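Take a look at this single chain, the form predicted alone, given in C-alpha cells.
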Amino acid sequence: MKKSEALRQIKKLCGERATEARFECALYSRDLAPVPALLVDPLFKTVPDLVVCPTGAEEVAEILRLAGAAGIPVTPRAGASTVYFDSVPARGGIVIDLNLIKGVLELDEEMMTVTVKAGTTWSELERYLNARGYAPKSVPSSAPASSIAGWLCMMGYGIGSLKYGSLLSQVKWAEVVLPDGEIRQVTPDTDPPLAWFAASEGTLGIITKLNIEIRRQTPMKHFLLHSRALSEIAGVLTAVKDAEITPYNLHFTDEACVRAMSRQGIAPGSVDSGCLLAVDYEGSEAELHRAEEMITALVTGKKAVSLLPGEVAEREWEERYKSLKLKRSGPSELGGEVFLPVSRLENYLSDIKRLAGRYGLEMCSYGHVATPERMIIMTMFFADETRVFEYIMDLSLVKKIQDVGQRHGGYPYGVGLWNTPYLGRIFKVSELEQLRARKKKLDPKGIMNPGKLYKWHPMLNPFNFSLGMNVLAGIRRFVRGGGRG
C-alpha cells in the first residue's frame, strides 16, 4: 500500500480527530525539552505527517495495520512529560495522540484493583480513587500530566515505589495493540510477557488499558528534617530507608536547591541554607505512631539535624507535584536525571559541587529514593534557550553531570532519543541484545517509535557524542568563564 493511500484511509477512519495541518502537527514536534532547532532539524523529522486521536483499541489497531502496510512510522503520545523525545517523531509519520482514551472502567473492591484506560493521568486516577476511600500504590512526580500507560513505559518508579515497588509489580494485566494491529491482553506469564512493555518507551506496541493494584487510603504523617551538614542528612536518609517501618516517600533536597528556593521565597520553613529530607509515611495509626517515635529518636540523637514544624512538612507534601517550580528563576533549566545508588549520594553531590565551581554556576540537586538500593536524582542548572549558541554550550554540561553519575555507579533514568549515546552505561551487552531481539520479534518492520531506545543515530554514536560534548564544555569554560576546580 502507498503511503498516501494509507494516510487517506486513516483520515477517513478518524474524521475530525485526524489532522495534517502543518501548524497543528508542529505542536507535536517537541516535549518538555527546549532543544534548539539547529541540533534537531538536520538530523530528525520531528513534525509528523498526520496526527490522529483514536478513541479505543480497535481504532488504534486499524491505524497500526494501515501504517504497517505502508511502512509508515508511528509515535504514541499522551502527556509527553519527559525531556528525551520519547514521544516526538524522529522520522515523521503518524503521531497517535492517546488523550481521548481515558477514564476508569471498573473498580474491583474485592480484588483491590482498578481497570483504567491508558491516557488517564495519574492525578485523575488519584482523585477518582480518593473519593471512594482508595489510592494508587505509587504515582509519578509528574502525576498531573503523566498518563497511566506512559509511566509504565518509562520504568514506573516514583512516589510510593520505595514501599510498594515499581508500577510493573502492581499491574495485573494490560491490553496492548501490537505493531501488526493485533490486540492482546498481556500478563506476567503470557508470550510476550507484560515485563517486555515496561520501560519499552512506546517501541513495542500501544497500551490501551491496564488493571492495577490499589490500596486503601490510610492516614499519613509527614516529617521534614533540616541539616547544614550533608553527611548528617545522608546518614539519616539511610537510617530511615533501612528502618523497620518503610516510608511511603523519601525525598532529598541539597543545599544549592535550598538556596535557590530561598531566593524565590518558596523555601519550606523559610530555611535559607543546608539540606532537607522529607519523610512521608502512610499506614495505620499504630504504624504512624511508631514512625514518629523513630524519627524523633533519630533527630534527638543528632545535634546537627532538626525537625521543622509539622505544618511545614504538610505543605511540602502538598507541593510534591511541583518539582519544576525552580524554573521561575530563569528562562530555562537544563539537567541530568540519574538512577544513583543511595550509598553514593554524598560522594555524588560533592563531585557535583566541584563540577559547578569549575564552570562557575550553581547546580541544584533533588530526588527521591525509588528502591532500597537506588534513588532518582535530578541535578539541574539555569540556562537561557533564547541565546542559542550559549545554550548549546550549556547542553554539554548535561553530559558532565551524567559522567559524575557514572563514576558513582549511576546511569541515566530513561533513554528515548537523547540518551541513546549512553546505552552502554544503561544496559549490559546481553541486555541490549535481548531488547533488540524483542523489537525484531514484535516489530519486524520497525514502525513503532523508530530511532529510540535500541540504537543511536550515527551522529549520536558514543564516540562522536562524547568528543563533541567534551569539546563544547571546554569552549564553554573558556568563553563564559568558570572557577578553578
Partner chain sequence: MTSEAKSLFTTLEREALICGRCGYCRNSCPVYRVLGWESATPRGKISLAKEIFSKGNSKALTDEFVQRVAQCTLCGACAEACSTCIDTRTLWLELRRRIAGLGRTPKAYHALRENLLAHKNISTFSNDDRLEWAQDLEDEPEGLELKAGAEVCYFVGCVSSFFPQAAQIPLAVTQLLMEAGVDFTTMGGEEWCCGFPLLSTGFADDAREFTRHNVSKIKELDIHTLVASCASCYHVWKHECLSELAGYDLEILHTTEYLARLVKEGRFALNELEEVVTYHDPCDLGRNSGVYDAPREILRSIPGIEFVELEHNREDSLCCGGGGNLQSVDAELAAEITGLRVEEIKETGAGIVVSSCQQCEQMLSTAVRKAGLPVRVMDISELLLEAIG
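Numbering follows the first chain given and starts at 1. None of these values were measured; they are calculated from a predicted model.
This protein has a second form, the form predicted in complex with its partner chain, left out of what is shown; the following refers to that one.
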Problem - in the model of the complex, segment of 211-219, 95-103, 109-117, 153-161 with a heavy atom within 4.5 Å of its partner chain - result: 95-103
Handout entry: Proximity of Pro144 to its partner chain in the model of the complex, heavy atoms at 4.5 Å
Key = yes
Practice task
Could you confirm whether Glu390 comes within 4.5 Å of its partner chain in the model of the complex, counting heavy atoms only?
Solution key: no
Problem - in the model of the complex, Lys455 touching its partner chain (heavy atom, 4.5 Å) - result: no
Problem - Contact of Gly56 with its partner chain in the model of the complex (heavy atom, 4.5 Å) - result: no
Completion exercise
Checking Lys303, Arg354, Lys322, Arg263 against its partner chain in the model of the complex, the residue with a non-hydrogen atom inside 4.5 angstroms turns out to be Lys322
Practice task
Go through Gly269, Gly310, Pro331, Pro341 and name the one with a heavy atom inside 4.5 Å of its partner chain in the model of the complex.
Solution key: Pro331
Problem - Heavy atom within 4.5 Å of its partner chain in the model of the complex - qualifying residues of 123-139 - result: Glu124, Arg127
